[in-house]
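As structure tokens, one chain now follows by itself in the form predicted alone.
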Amino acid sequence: MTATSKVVEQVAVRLRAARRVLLLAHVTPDADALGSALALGLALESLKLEQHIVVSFGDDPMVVPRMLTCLPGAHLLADCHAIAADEQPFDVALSCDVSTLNRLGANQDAFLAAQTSIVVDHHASNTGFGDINLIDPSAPANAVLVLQIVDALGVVVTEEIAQAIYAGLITDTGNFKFPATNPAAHLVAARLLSTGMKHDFIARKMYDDDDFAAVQLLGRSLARSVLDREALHGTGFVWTTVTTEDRAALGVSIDGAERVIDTLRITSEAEVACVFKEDDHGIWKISLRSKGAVDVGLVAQTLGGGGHKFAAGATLGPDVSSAIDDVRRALDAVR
């Protein structure tokens, strides 16, 4: 038994023994974070151990991104206020795909107050902030580690559990395009598909389904994109902005800006792409993508965010000019 498999068994034992379980994704969750938490929640629920199971992420207000509303297990979700109002500490608090404590946002206190805190992650930069830390940077997605826990719990993988795990898998492998995709990723996908899950439904809802207004927002944002061919020692940097004025004019929430980075990143003249998104409070958030020569996960970490080598994000400040300068300095420092 490997060191990782021993920790997986340890996590499973703690989860089975717990009466109150809190499963947490990072702020502004992607499908790997929220899908992992929901999959694990559904697996525990299937054991019928009379557990109180809560899934959450620390944004306030907590709004599930539109592209993730297709994930099963929504009945398990509760926001940070509901968690804080329940003054009884959880027996186990487990974080999914969270590299640092601050990425838990408004749920940090609940995590720290739990009798046992568990970190499940595949970021090499993870700080190991749990009592138990299951960290495997070789895993192509955090959802793959969660599948190992599900197996250790003795749970049969249902279509719903498979959908949540599959969503995380395709997100963090870039639909199996990123170099981090390994043979295990395809084997996991094959196993999940064998449950009868509708993989085309998940993929369409996450990547190929949006309002016309969001498509128009994409056009506006791409029209003012900037390409700096000389940045990053000549490998190039491309960026654009999505303002609240843009979104208000089209009636689009900040979720509607998620498609912009996926299009901007294909720019062949740029190693790194970045979208600066202004939220409803005038705060700028960034989405970063890299082709591999620059670790944007490290870039985001220096800016107080997190992510992976190929995809990352962070929350900056109210001044977009300063935000752009901060990102450029962080890129230069990591490069």
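Numbering starts at 1 and runs along the sequence shown. Here the structure is a predicted model, which is why all the values come from computation and not from measurement.
There is another form of the same protein, the form predicted in complex with a small molecule; it is not shown, and what comes next is about it.
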For this session: Choose from 47-55, 299-307, 66-74, 263-271 the stretch whose residues reach within 4.5 Å of the small molecule in the predicted complex, heavy atoms counted.
Result: 299-307
Exercise. Given that the partner is absent here, does Ala311 sit within 4.5 Å of the small molecule in the predicted complex, heavy atoms only?
Worked result: yes
Exercise. Given that the partner is absent here, does Ser290 sit within 4.5 Å of the small molecule in the predicted complex, heavy atoms only?
Worked result: no
Exercise. Closest heavy atom of His123 to the small molecule in the predicted complex, within 4.5 Å or not?
Worked result: yes
